[in-house]
Structures are given as C-alpha cells and as structure tokens.
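Just the one chain here, the form predicted alone, laid out as structure tokens.
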Amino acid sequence: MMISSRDTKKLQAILDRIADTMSTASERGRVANYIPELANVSNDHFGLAVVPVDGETLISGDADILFSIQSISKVFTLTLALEKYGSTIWDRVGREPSGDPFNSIVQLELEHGVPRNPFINAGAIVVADLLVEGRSPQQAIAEILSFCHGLAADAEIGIDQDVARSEERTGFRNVALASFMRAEDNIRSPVGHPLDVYFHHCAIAMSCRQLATAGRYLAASGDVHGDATKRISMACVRRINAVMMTCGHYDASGEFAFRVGLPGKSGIGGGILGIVPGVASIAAWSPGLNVKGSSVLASRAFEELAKATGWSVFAAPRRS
C-alpha cells in the first residue's frame, strides 16, 4: 500500500503530536534494573519511527538514539531459524501464549522442557541452540548480526558489549532454563553455547529508525528492500506475525491485541516493534516499563497511533 504525500503529511503530524504528548507524560514506568547496564539509561527518552512499505520513513522524538533491543531480537532469530529449518522447529518449541512471565521455569518443568513459544526466554534459547548447531557461538552471532544488517540496510548496527557482559554476569535464571532443557534433551549443544548466542543477540543496539526499517519485511510480504536474494518467504512472514500477535508481549499479549490490534514484540530495553501488514513497520521506544515488562510510553504511543490512523488487523483500512 502506497502512502501518498498527502497522507505522509498527516501521518507526520500524528507522530509529532504523539511525541509531544509523551515528552510531558508524568507516568513513565520504571527502567529495568535486573540487567545492571540497562538501569543506567535515562527515562526521559521517547522515540517513534514509521517505515512504510512504499513511501518515506517518518520519525519523531528520539528516533535516532541507540537502545538495547533485547527480546525484539527474537523476531529476527526466529526468522532465521524458520528459513533454515522450516516447520521442524515446532518439534522443539511451541507457539501458544504462555500466560506466565517471560522467564518462568514452572511451566517449562510441567511441559517437559518444551517452551510454550519462541518469544519467552526458554523458547528463544532453544532457537539459539538451533542456530548454533554444528558451529561456534561466534559464527552464529556473526550470522545474526549480518542478517540484521541486511534487514536494516545498515552495516553499522552492532552489539553493545557492555550490555552483553552485564547479561552474562546476571543471567542465572536463563542458565537455569537452559540447564533444565538440556536435562530434557531439548538443548543439544553445550549449555554455554546457546546462552552465549542469546545474551549477545539480546544486546544488539538499534535506533527506532533502524528497528522499524529492519522490521519492514514483515509488513512487505517478505520483501527486503527489493533484493530478491534476501527475500523472506511469505509462509515465514505469516508465522512470525501470528506469533507476534499472540505471544509478542508475553502475558500481556492479549491486552496489546485488544488496545492496538497489531502484531508486536516488546523488549525490556523499552522498545516495541509493531507491524501493519501491507502498510508499514513501526518502532517506538521509551525505557520505563510497566509491571509486565513493556514500555509504558511506547505502548501508549502504539495505542494512540492505532486510534489516529485506524490501523488494525481486526478492521478494514480507513478510507481517506
């Protein structure tokens, strides 16, 4: 869907209005502190970017400041795994909402080491195990980073090594999840290998502009900037968007679907990636989180944007 120049002006005005509102918001949530490096980020930031399938990128606020994308990176690792292994990945990880916190071990024990979906921590560690199979963690990490470079059309995207080290020093629950799954034979590599991959891909740093650009393929039926050699299969895109809709905000996914009506993926760095199929990719960021681990202001921004534009997978597009 082409966004016309007239619509572009209207959309830019909407983004600017949302950014202005968020800049004066008093309730901003609390910055994640269980990864020490994230606790150092100022809670004053708010950024918003929209990358249309056809049309110019629109930004407002702090859309060019880098932040740790954290669990949003799981969208990209899941895409890689689906393109490599196809539907066989579902033998090792489910695709149902968890209803529990993203780092819960209780459900994993009840279900014999098979994570409920690939976006909770245990599921993403299984995906990392698939990607590291038969090679070193460094090779798998390099492939993930190169994949993100291609999606975002930006080779400057990198890993925040301070955040990665901070995650490694404090990630004891993730070590426990991986060790339990190894005991159930759902981690096949030495436990440290998928954890190394996981800690590093969660520490990828992007801006809202870069993140929305990287997510564009999910709105554009798998097209990656017109490069046929990088195209993602439509079957993969459909699966990713579906899992984002049902599981992208953990035990708050239903609330996001109700209030926003778009596939989305949150991260404890304060970012949210959202997809309007056939129209645009959206990224919003503000570091302060709610009790469910999603950004307070980014969630509000998505809700206001959906109301202002009529964008929703549950309604027909609004006519101009």
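When you see a residue number, it is the position in the sequence shown, counting from 1. Please read all numbers here as calculations on a predicted model, not as lab measurements.
Below, we refer to the form predicted together with a small molecule, which is not included among the displayed structures.
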Q: Consider the chain as shown here, without its partner, and state which of Asn174, Asn241, Ser189, Ser104 has a heavy atom within 4.5 Å of the small molecule in the predicted complex.
A: Asn174
Q: Name the residue from Ile59, Val53, Ile268, Ala257 that puts a heavy atom within 4.5 Å of the small molecule in the predicted complex.
A: Ile268
Q) Where, among 213-221, 154-162, 197-205, 80-88, do residues come within 4.5 Å of the small molecule in the predicted complex by heavy atom distance? A) 197-205
Q. Quick one: is Asp129 in contact with the small molecule in the predicted complex, heavy atoms, 4.5 Å cut-off?
A. no
Q | Residue contact check: Phe76 to the small molecule in the predicted complex, 4.5 Å heavy atom | A | no
Q: Give a yes or no for Gln70: in the predicted complex, does one of its heavy atoms lie within 4.5 Å of a heavy atom belonging to the small molecule?
A: yes
Q: Consider Ile35 of the chain shown here, and say whether it contacts the small molecule in the predicted complex, taking contact as heavy atoms within 4.5 Å.
A: yes
